[in-house]
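A lone chain, given as structure tokens: the form predicted on its own.
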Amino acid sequence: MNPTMVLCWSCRGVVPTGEGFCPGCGIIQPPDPRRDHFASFALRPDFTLDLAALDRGYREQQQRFHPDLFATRGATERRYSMEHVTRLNEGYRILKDPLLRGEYLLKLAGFRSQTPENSAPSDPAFLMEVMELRESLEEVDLKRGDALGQLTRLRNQVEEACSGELLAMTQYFAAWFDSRGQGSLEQAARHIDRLRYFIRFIEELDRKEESFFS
């Protein structure tokens, strides 16, 4: 059997790998676990993504595989419909989020980060920056009149830092797609790690703001 072909589970006819439906009998096929999320939405793998095209592809695929369309079909077809939709939802969530998209691109490239996800930053200068931010947040006294202003200034500072990390990730991923140099991936991974810390800080800041308004 040609590796680009599989057999339909229902009629045993030939189905191109990745096709959602058998061209012979029209029956839904199981999702291909080897197919990456970009391909699921007919997108080229890249960090810079046309979000409108992603939304359009998501809607189109949902309309093809939505469980309501298979409510009166057999158990196998209903299961495959749910598997497709679950995979589409996961892919959409990952590609929509810049941090998750960057991590996914590293995974597709077979890159293994040397920095465990929940470990402290390995860059001493960045570690100091993170510690100073956390100290500034802890020092905000919610009973003071200027507390909200302090939180807003911290948010603006970190959101600006996030924008810088996203710009760097865009540049290094573009360089990797252009030359496939391992150094570009290493730099992209470094900025992904930094962005992850900044996003966690914003989540902490959100919780502190919630306490302010509660």
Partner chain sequence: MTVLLDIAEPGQSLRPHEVRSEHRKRVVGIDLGTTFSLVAAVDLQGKPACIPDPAGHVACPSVVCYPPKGGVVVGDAAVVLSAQFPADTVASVKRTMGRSLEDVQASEHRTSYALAAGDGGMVRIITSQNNLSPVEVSAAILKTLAERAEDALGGALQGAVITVPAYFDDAQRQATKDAGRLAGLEVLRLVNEPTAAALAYGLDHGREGVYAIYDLGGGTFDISILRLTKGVFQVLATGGDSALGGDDFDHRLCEFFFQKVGVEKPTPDVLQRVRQMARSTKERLSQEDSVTIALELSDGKTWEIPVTRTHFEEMIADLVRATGIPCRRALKDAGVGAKDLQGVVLVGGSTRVPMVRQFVKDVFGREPLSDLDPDQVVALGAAIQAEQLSGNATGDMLLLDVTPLSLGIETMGELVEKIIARNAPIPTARSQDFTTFKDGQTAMAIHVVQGERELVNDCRSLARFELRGIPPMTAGAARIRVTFQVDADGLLTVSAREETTGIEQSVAVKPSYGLGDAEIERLLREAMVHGEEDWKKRLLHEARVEAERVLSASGAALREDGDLLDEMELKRVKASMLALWEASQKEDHEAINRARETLDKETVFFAERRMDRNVRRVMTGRKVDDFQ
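Note that the structure is a prediction, hence the values are computed from the model and not measured. Numbering follows the first chain given and starts at 1.
Omitted from view is the form predicted in complex with its partner chain, to which the following refers.
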Practice task
Answer for Pro31 alone: is it within 4.5 Å of its partner chain in the model of the complex, judged on heavy atom distances?
Solution key: no
Practice task
Tell me, yes or no, whether Leu137 is in contact with its partner chain in the model of the complex, where a contact means a heavy atom of each within 4.5 Å.
Solution key: no
Problem - Heavy atom of Gln63 within 4.5 Å of its partner chain in the model of the complex - result: yes
Practice task
Report whether the minimum heavy atom distance between Val130 and its partner chain in the model of the complex is within 4.5 Å.
Solution key: no
Problem - its partner chain in the model of the complex: contacting segment from 41-49, 169-177, 23-31, 144-152, heavy atom within 4.5 Å - result: 23-31
Problem - its partner chain in the model of the complex - contacting residues of 87-102, heavy atom within 4.5 Å - result: Asn89, Glu90, Tyr92, Arg93
